[in-house]
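First, one chain by itself: the form predicted on its own, in structure tokens.
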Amino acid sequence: MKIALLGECMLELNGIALGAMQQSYGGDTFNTAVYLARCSDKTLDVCYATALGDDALSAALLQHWKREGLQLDLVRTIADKLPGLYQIAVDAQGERTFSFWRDQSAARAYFDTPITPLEARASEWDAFYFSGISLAILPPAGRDRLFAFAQNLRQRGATVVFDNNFRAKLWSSIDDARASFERAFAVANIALITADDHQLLFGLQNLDAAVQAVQNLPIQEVVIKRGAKPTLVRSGDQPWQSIAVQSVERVVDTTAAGDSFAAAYLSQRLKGQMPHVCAQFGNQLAARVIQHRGAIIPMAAMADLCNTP
């Protein structure tokens, strides 16, 4: 089985402004791709679609990605472009603040070619995953290409997964963001929804209103993530199920909590496991990830989970 994930991986600086910083890399769909490859028992080909430059930093990223088991033949190299960059600071409660330098990143230009590697191999994909950030970094013409690609996959029976990661600063207007998300909901047959992102995007009064709005979406399968509250899951005409999250004694860093949940959920769902089982595994991996610093935790820190359904 083959899945393609589309998005951006940026260079990361983690630390105190004007102080010592650790260099790494990450990005929402990229984080999901890495954790998905780790959880797949090599039964799933995980292919990451993005664009990088022809510089030394881009070359180093590709070497690291290959070691994570990602297939990289969907990555475009664009001369005179560079990877995006962000700086992250984490407070005592593990919550994050970001500063971004990504306006000219190569990933924004992924669709600036008559046909991308992703589109050229459209018949190969059993599943396709993209996020609200995947949409936000693309120009309008690129988004149109993404939606057409996803719709074609859906029509031939592939699984299209949308994760609603919403970052207001990436959008030119709230109306543009809302319209793009509505188009994403229309092409997806699995939606992974963070409730507070949905609340923020659509200006809803509270989290309960956001949950109610998500539950009314006409999508075949929906997962609602609510932070420390139980995860809600529904597939087809089955009733909603509530899946408890795992308590953690000390949250170190919430980076990639949702991304790792998505990976764990899909690693099992694409093998035919029931949604509630997949959500349990998603919560289990997310709980492990938030006990470590950084988006991608050491493999040794999750090795005992890799074969867990």
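What you are looking at is a predicted structure, and each value in this text was computed from that prediction instead of being measured. The first residue of the shown sequence is 1; numbering continues from there.
Just so it is clear, the following notes concern the form predicted together with adenosine-5'-diphosphate (ADP), a form of the same protein that is not shown.
(Q) Within 4.5 Å, heavy atoms only, which of L270, V245, V252, L62 is in contact with adenosine-5'-diphosphate (ADP) in the predicted complex? (A) The residue in contact is V245.
Going by heavy atom distances of 4.5 angstroms or less, which of A49, A37, A257, L52 would be at the interface with adenosine-5'-diphosphate (ADP) in the predicted complex? Among A49, A37, A257, L52, a heavy atom within 4.5 Å of adenosine-5'-diphosphate (ADP) in the predicted complex occurs only for A257.
Using heavy atoms and a 4.5 Å cut-off, decide whether N165, F261 and A286 all contact adenosine-5'-diphosphate (ADP) in the predicted complex. Judged in the predicted complex, N165, F261 and A286 all sit within 4.5 Å of adenosine-5'-diphosphate (ADP).
Since only the chain is shown here, I'm wondering whether R108 would be in contact with adenosine-5'-diphosphate (ADP) in the predicted complex (any heavy atom pair within 4.5 Å). Although adenosine-5'-diphosphate (ADP) is absent here, R108 would stay clear of it in the predicted complex, with no heavy atoms inside 4.5 Å.
Closest heavy atom of S134 to adenosine-5'-diphosphate (ADP) in the predicted complex, within 4.5 Å or not? S134: no, not in contact with adenosine-5'-diphosphate (ADP) in the predicted complex.
In the predicted complex, does P139 come within 4.5 Å of adenosine-5'-diphosphate (ADP), counting heavy atoms only? Because no heavy atom of P139 falls inside 4.5 Å of adenosine-5'-diphosphate (ADP) in the predicted complex, the answer is no.
In the predicted complex, does K225 have a heavy atom within 4.5 Å of adenosine-5'-diphosphate (ADP)? It does: once adenosine-5'-diphosphate (ADP) is placed as it appears in the predicted complex, K225 has a heavy atom within 4.5 Å of it.
When adenosine-5'-diphosphate (ADP) is placed as it is in the predicted complex, which of 228 to 236, 115 to 123, 140 to 148, 72 to 80 ends up with heavy atoms within 4.5 Å of it? Flagged stretch: 228 to 236.
| query | Along 65 to 88, which positions have a non-hydrogen atom within 4.5 Å of adenosine-5'-diphosphate (ADP) in the predicted complex? | reply | Stretch hits: zero.
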